[in-house]
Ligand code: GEK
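Encoded as structure tokens, the following chain is the form predicted on its own, with no partner shown.
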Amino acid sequence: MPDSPTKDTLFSQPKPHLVDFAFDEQVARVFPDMIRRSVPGYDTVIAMLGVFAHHFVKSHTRVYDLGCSQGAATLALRRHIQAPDVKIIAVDNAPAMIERCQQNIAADLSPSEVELRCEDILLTPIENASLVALNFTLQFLPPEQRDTMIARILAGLNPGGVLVLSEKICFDDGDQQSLFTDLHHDFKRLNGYSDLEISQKRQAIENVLIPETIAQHEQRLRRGGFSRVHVWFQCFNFVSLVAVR
């Protein structure tokens, strides 16, 4: 029986010339399967965005999903916003992702307005925001641009507004790094990825996704001006923080 068209088999065959990972049409086609089989805790992080939306989103404000891919975070936020007159700005620089996001948003009946933008998140104006989600997105920005991104988010957040930042992380302790890398790879194996797929995906993404430690993220957020920073979720080498302006 042939594979489902949405199953991630991009790295299932040997590739003599691996190129850097990109969010192109091939990746977009399998992305929902890829991220759930690759990121431990992903479904929990997405679901809990609804809790943050319910608690923090205020009337007559904006919510930003920066790096929205196909809209999973946007939908989780949208479905739990109780306040009236809230607009969600969902941004991604990959046309293939935005196209699928548009389809997913159109099929959802939640009342909050959603505006989709296909652009670089560093160019997105952020204003009157009560919540910003950076869901496994900052890690793809060059490290030298990350302070600027966080500063722009803080400047656009209203007092009491929050940033929910989810990232792959690394560790200063070599033993912890080795253990959590092994556990992450076991997670992938248990989700059906072969050693070849794990190895080739790792090579393709290592120059594109540059992880940082929890301490580096916390320091950047505090340095940028956030008053409170808390880790609310961690599974192996994946973490989510909430930062309150």
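The shown structure was predicted, so the numbers you read here are calculated from the model rather than taken from an experiment. In this text, residue numbers run from 1 along the sequence as written.
From this point on, the text means the form predicted in complex with the named molecule, which you will not see here.
Q: Thinking of Ser69, Met97 and Asp120 as the candidate spot, does the named molecule come within 4.5 Å of a heavy atom on all of them in the model of the complex?
A: Checking in the model of the complex: Ser69, Met97 and Asp120 are all within 4.5 Å of the named molecule.
Q: At 4.5 Å between heavy atoms, only one of the stretches 191 to 199, 56 to 64, 211 to 219, 40 to 48 reaches the named molecule in the model of the complex; which one is it?
A: After filtering at 4.5 Å, what remains is 40 to 48.
Q: Can you work out whether Phe180 and the named molecule are in contact in the model of the complex, taking contact to mean some heavy atom pair no more than 4.5 Å apart?
A: Outside the cut-off, so no.
Q: Using heavy atoms and a 4.5 Å limit, would one call Phe23 a contact residue for the named molecule in the model of the complex?
A: Taking the distances in the model of the complex, the answer for Phe23 is yes, it comes within 4.5 Å of the named molecule.
Q: Does Leu141 reach the named molecule in the model of the complex, with heavy atoms at most 4.5 Å apart?
A: Heavy-atom contact with the named molecule at 4.5 Å: present for Leu141.
Q: Please run the contact check for Asn93 against the named molecule in the model of the complex: heavy atoms, 4.5 angstroms, yes or no?
A: Output for Asn93 is yes: heavy atoms within 4.5 Å of the named molecule.
Q: Going through 28 to 42 from first to last, which residues have a non-hydrogen atom within 4.5 Å of the named molecule in the model of the complex?
A: Heavy-atom contacts within 4.5 Å come from Phe31, Ile35, Tyr42.
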